[in-house]
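The data below hold one chain only, encoded as structure tokens and taken in the form predicted on its own.
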Amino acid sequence: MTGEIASSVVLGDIAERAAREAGAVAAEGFRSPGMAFETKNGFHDFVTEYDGRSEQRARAVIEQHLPGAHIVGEEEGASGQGEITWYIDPIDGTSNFARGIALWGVVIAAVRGDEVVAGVVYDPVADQLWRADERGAFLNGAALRARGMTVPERATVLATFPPANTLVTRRIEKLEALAQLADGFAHVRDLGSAAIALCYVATGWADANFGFNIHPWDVAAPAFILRQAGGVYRSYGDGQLLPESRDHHNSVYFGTVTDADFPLIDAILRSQTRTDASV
């Protein structure tokens, strides 16, 4: 396929195969007795040998179809070159994975220029594969529509908030914001995986998800899935909404089902991303 401009459906096919095979590698280690894990960016952030092994398998599948492809992985960084950039998170939710909690997935996105054109999130434990390409968004082949609860008192919010490593500064303000969320929404939950959480919103199993300190390999695929399902994805910086172009590179995000109206979350994200704030 070298030199060809593949359609988003073909790129989605490659991403799907890579995610399934990488997921099979990771699943070999899930809940295995005595599996070792280390900390990466502080004691809240785990990494295991299966993160690396899963990413290597995903890379191998992509390079089989597109030799020398430009791949950016969480574990091994950037390699290759080409029109398409592939973002890989081999295990999104490693801290869950390492402790035997079945909320983690393989995340792969294909980006042409600044535009995400195909994305896959695969949950090997539940055998659920979310996928989006030019045709729309799908869960195990069935079309998705991001329909759910659109008013706070009925809505379920998925969020890691406030992130534990940010509580050194403005602690009281952040905990007060968490209390406001708990008071204003029907449920607030932390799944421990941004990709799975955004896909739950795309499926209508939850109504909003927001997060901080995110990377392109975390959100490029699930943000595209959410949008292709009719949901809304936006990002924030310096107290403002940021342009949609290249927003998978922005570190603070907010995704909702279609027609949702959650001004409290918008206000929290604007406040927490002002230049004098530490998120």
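Predicted model only: the values in this text are computed from it and were never measured. Residue numbers here begin at 1 and follow the sequence given.
Another form exists, predicted in complex with a small molecule; not displayed. Remarks below refer to it.
- Shown alone here, G73 lies farther than 4.5 Å from the small molecule in the model of the complex, counting heavy atoms only.
- Although the partner is absent from this view, D92 contacts the small molecule in the model of the complex, with a non-hydrogen atom inside 4.5 angstroms.
- When contacts are judged by a 4.5 Å heavy atom cut-off, Q64 does not count as touching the small molecule in the model of the complex.
- In the model of the complex, the small molecule stays beyond 4.5 Å of every heavy atom belonging to T203.
- A heavy atom within 4.5 Å of the small molecule in the model of the complex is found for exactly one of P124, P152, G148, G192: G192.
- For the small molecule in the model of the complex, the listed stretch (226-234, 207-215, 239-247, 65-73) containing residues with heavy atoms inside 4.5 Å is 207-215.
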